[in-house]
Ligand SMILES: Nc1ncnc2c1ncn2[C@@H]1O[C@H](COP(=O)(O)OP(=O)(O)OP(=O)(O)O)[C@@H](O)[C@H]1O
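Okay, so here's just one chain, in structure tokens, the form predicted alone.
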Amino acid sequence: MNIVNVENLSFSYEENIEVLKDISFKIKKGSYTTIVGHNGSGKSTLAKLLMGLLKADKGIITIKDIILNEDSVYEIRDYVGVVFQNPDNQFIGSTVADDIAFGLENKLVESEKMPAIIETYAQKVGMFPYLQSEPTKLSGGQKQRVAIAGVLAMDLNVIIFDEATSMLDPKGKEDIKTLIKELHINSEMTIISITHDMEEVTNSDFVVILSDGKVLDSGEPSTVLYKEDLLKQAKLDLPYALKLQKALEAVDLKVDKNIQLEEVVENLCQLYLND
């Protein structure tokens, strides 16, 4: 069953300059889908359209069998949550607990039920010890964890991660990517990640590649990521695991049972220098 359908979607910021050009794709319920593309490919615009922050020029977005428009946007937001790029722009409360509670208050959850819900989802993202901390004193990765807890607490069907790791340090990036993967494994929630991180793509079930406002390809990462010419056309890099595989294949270990470690090292060093 598809929970998101995008049909013949087009959008322009200026007349006759299309950012998105007649794109179509579907996202299955409960899947982890990555939408990837180079700068200027249209992925950030697509994220805003999926959130209802922009109105399409043409085409239809359907979420949970509801057509997204001005009349339905608030109903759809009862099913869809967003984790934005900059965690500093996401905080409302003076403490972590207050911030997780914000969405619950908007959904009119009874106040006596809130503490248990807040504690449950703070535990899920590893932020329970910080419930009374000020958000300004947290690291970038911790702030994103709090933002994710706030979305999870609202019991939504779909989470959109809009470049949610792009402003984090390497450890923060890995922590959030690991958390997203765990959420996918341990829940029935549909996850859509707008990203430029090709390593994250390898963790997903389905990938949509955007290039110059069009869907260049889509499918399972295990298929799409082996289309090296297509990735070059989209100005995307190979994931590191595939680079390593190609370097090892270049050594042709199957031909000689005696592993030529010097040649392996040389290939890996060359790969690193060219990265």
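Computed from a prediction, not measured in an experiment: that's the story for all the values here. Quick note: we count residues from 1 along the sequence shown, nothing fancier.
Although it is not shown, the form predicted together with the named molecule is what the next lines describe.
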property	result
Heavy atom within 4.5 Å of the named molecule in the predicted bound form - the one residue of 28, 64, 227, 38 that qualifies	38
In the predicted bound form, the one of 85, 157, 95, 120 near the named molecule [non-hydrogen atom within 4.5 angstroms]	85
The named molecule contact in the predicted bound form: residue 163, any heavy atom under 4.5 Å	yes
4.5 Å heavy atom contact, residue 33 and the named molecule in the predicted bound form	no
Residue 233: touches the named molecule in the predicted bound form, heavy atom cutoff 4.5 angstroms	no
In the predicted bound form, residue 218 touching the named molecule (heavy atom, 4.5 Å)	no
4.5 Å heavy atom contact with the named molecule in the predicted bound form for all of 13, 45 and 196	yes
